[in-house]
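Okay, here we've got a single chain as structure tokens, the form predicted alone, with questions on binding and movement later.
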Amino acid sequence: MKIAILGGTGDIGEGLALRLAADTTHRIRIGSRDAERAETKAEEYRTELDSRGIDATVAGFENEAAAAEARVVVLAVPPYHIGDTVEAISDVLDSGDVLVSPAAGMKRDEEGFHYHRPGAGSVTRLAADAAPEGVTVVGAFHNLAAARLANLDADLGIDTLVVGDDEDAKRTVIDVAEGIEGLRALDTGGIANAPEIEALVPLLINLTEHNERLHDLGVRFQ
């Protein structure tokens, strides 16, 4: 399956691209507003994978071109770019395509990071409201530490929480997530539950900043 990672040149995009390319047979399409930047990063990822003897398909495109042939499109962009990004690719999305939102709204002050809940209720809901008819949105990958994910030598052994209103779309994303070695995807219900998941992100960042041994923190539910 072709998976597009828009914002695939950023931290979480890099981690997802490397892990999916290393651990699965999916063809990874790196998206960016700048096609040249996307292909440069894709070449870096291919070089890293090749150094480990991994033959994977990773290519870079401008966002619209990356999404055009993908069945699953990960919106690895900041929350304030979600609406614009979905609008920019809406003409190339097909009915049945799945958008995945890993973003969480946050703000920072001198005390640390805090959840910044958007008016729609969650960033996942923002994406769902922006998606064209027939295209479903699933929230996933919010709580993953980008550096840990991108380090292919690091054992994961962590969970990601998945929300969505379409059961088939949610199952597709769970299957994609669990293709990554050491990552377990847990069904957490519908998009109405996304705020509780997104609010975990600033909590985890604050924990890592105040506890040196919890660097690149992940969560495992037992």
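Computed from a predicted structure; not experimentally measured. Residue numbers here begin at 1 and follow the sequence given.
There is also a form predicted in complex with a further copy of the same chain; it is not shown, and the following applies to it.
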Based on heavy atom distances of at most 4.5 Å to a further copy of the same chain in the predicted complex, which listed stretch, 153-161, 60-68, 33-41, 46-54, is the contact stretch?
153-161
Contact with a further copy of the same chain in the predicted complex for residue 10, defined as at least one heavy atom pair within 4.5 Å: yes or no?
no
Report whether the minimum heavy atom distance between residue 22 and a further copy of the same chain in the predicted complex is within 4.5 Å.
no
Would you please decide whether residue 197 lies within 4.5 angstroms of a further copy of the same chain in the predicted complex, comparing each non-hydrogen atom pair?
yes
Since only the chain is shown here, I'm wondering whether residue 166 would be in contact with a further copy of the same chain in the predicted complex (any heavy atom pair within 4.5 Å).
no
Heavy atom within 4.5 Å of a further copy of the same chain in the predicted complex: which residues of 180-207 meet that condition, in order?
184, 186, 187, 188, 189, 190, 192, 193, 196, 197, 199, 200, 202, 203, 204, 206, 207
